[in-house]
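Shown next are two forms of a single protein chain, provided one at a time as structure tokens under the names structure 1 and structure 2.
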Structure 1
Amino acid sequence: MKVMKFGGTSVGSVESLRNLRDIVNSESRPVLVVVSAMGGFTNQLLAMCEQAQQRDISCLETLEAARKRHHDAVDGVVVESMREQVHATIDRFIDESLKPYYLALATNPHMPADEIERVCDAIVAHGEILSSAIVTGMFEDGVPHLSLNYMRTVPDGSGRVLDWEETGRLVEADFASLSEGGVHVAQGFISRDKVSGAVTNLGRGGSDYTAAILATLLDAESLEIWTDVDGFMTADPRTHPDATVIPQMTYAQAQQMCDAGAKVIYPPTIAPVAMKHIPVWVKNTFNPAATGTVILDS
């Protein structure tokens, strides 16, 4: 079984979602697809948190634009028999969850700082929750998973780390039906605190890490990181137009470049897959014919 992670640009438009569908449909089943939020939406959700805290209700207009963007994607890619249900899911999360959270931030000037943090963490999880509803609905054999049900974090200094033991136990139970086939779809990035159950996350760019964790725990044959460039390159092509694709790298080389700031893979992603010798491919959703990069032991 392969784990295929699609980043924000790869799920950000009808055109890219259609590419995703073709790429996944060329795979045998079962397959596990891990998705990010639609491109730019995580930033928007967080910017709206700031606006709401300033009592700036115009954040609700941005939310309506985001609602339309998600509904347009449903109309463009979701199988007809599932459309009504996915439209309703999107409206339910926006009206019964996101809106009340933003209004609570905007109307409660005395909300304690830890409560604000808890609300904003719950808000930002909705990017992946909404995109995954769309992606699941694109496949007749789509099987939804909810990463809040099995990804568990614990505090570590000023940040948070994965609780591998608890996550492993919960992942094993949640993915028990994997061998029966289908396109299994899970959210990247999002998690819960092991003790309090509060919604947490693995940090910005953390969907790569979710995919690596699931690949490791489920003994995947490979991990594919589908993004918007032709592979892991000698430098960021946005700032270095002469950068070229590196066809093959070792885990150590990839780790070094990620630690030095190569944004194409979130740094914690490499270690777990390296431990299990799972090959990692970096591929372009917008140019799937390009070979990409493979990351291996040697």
Structure 2
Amino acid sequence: MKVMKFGGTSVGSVESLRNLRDIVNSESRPVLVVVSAMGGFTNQLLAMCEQAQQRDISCLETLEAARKRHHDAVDGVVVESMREQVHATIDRFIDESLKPYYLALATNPHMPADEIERVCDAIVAHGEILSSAIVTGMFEDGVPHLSLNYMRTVPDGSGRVLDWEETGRLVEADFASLSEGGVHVAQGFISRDKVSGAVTNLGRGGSDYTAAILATLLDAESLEIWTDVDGFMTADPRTHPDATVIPQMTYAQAQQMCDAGAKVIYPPTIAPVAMKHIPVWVKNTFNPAATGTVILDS
């Protein structure tokens, strides 16, 4: 079994979603697909939080445009037998969850700061939930998983860290059906607090980390990070046109490049898979024939 993570640009349009479908369909089953929110949607959700806090309900107009974007994607890629169900899922999350959250922010000027943070964390989780509903519906053998059911975090200073023991126990139970085959689909980024159950997240870029966590806990044969570049490059191709793809790197080399600012992989992604010696491939959703970069022990 391999874990395949697709970022925001990879799920951001009907064209890219069709590429994703072709890439996954070229694999033997089972596979575990981890998805980000549609490209730009997380930023939209956060911007709408700011608008709502300023009593600007024009955020609801933006939400309707986002609804249309997701419905258009459903019509373009979801298998016909699943379309009605996925359309209904999108509407339910928007009408019964996102709208009430935004209205609560807009109509309660005395909401405590910690409650605002909790509401905004819950709002931003919807990006991955909606995109994963679409991706699951693209496959006749799609199997949905909800990351909020098994990813657990605990406070750590001013931030949060993964509770590996609790997450491992829950992942083992939630993915017990993996051996039966199919395309299993999960959301990146989102999680819950181990004690309170409040929605939390693994940080911007955390979908890569989610995929690495699942690959590690499920002893995957490999982890593939599908993005919009051909792999790690010798230099930034925007400023160095002669930059070339680095075909193979060690975990340490990849970690150094990530820590130095290379935005190919979210930095915390490397450590868990390195401990299990799981190969990591960085590949381009828009150029799947490219060799990409593989990250190994040596």
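C-alpha atoms forming the largest set that superposes within 1.5 Å between two forms make up the rigid core. Residue positions are counted from 1 along structure 1's sequence. Only residues modelled in both forms are compared. Everything numeric here is computed off the predicted structure, so don't read it as measured data.
Matching the description of the form predicted alone is structure 2; structure 1 comes from elsewhere. Fitting the two forms on their rigid core shows CA movement of 2 Å or more between the two structures over just one run of at least three residues, at 234-243.
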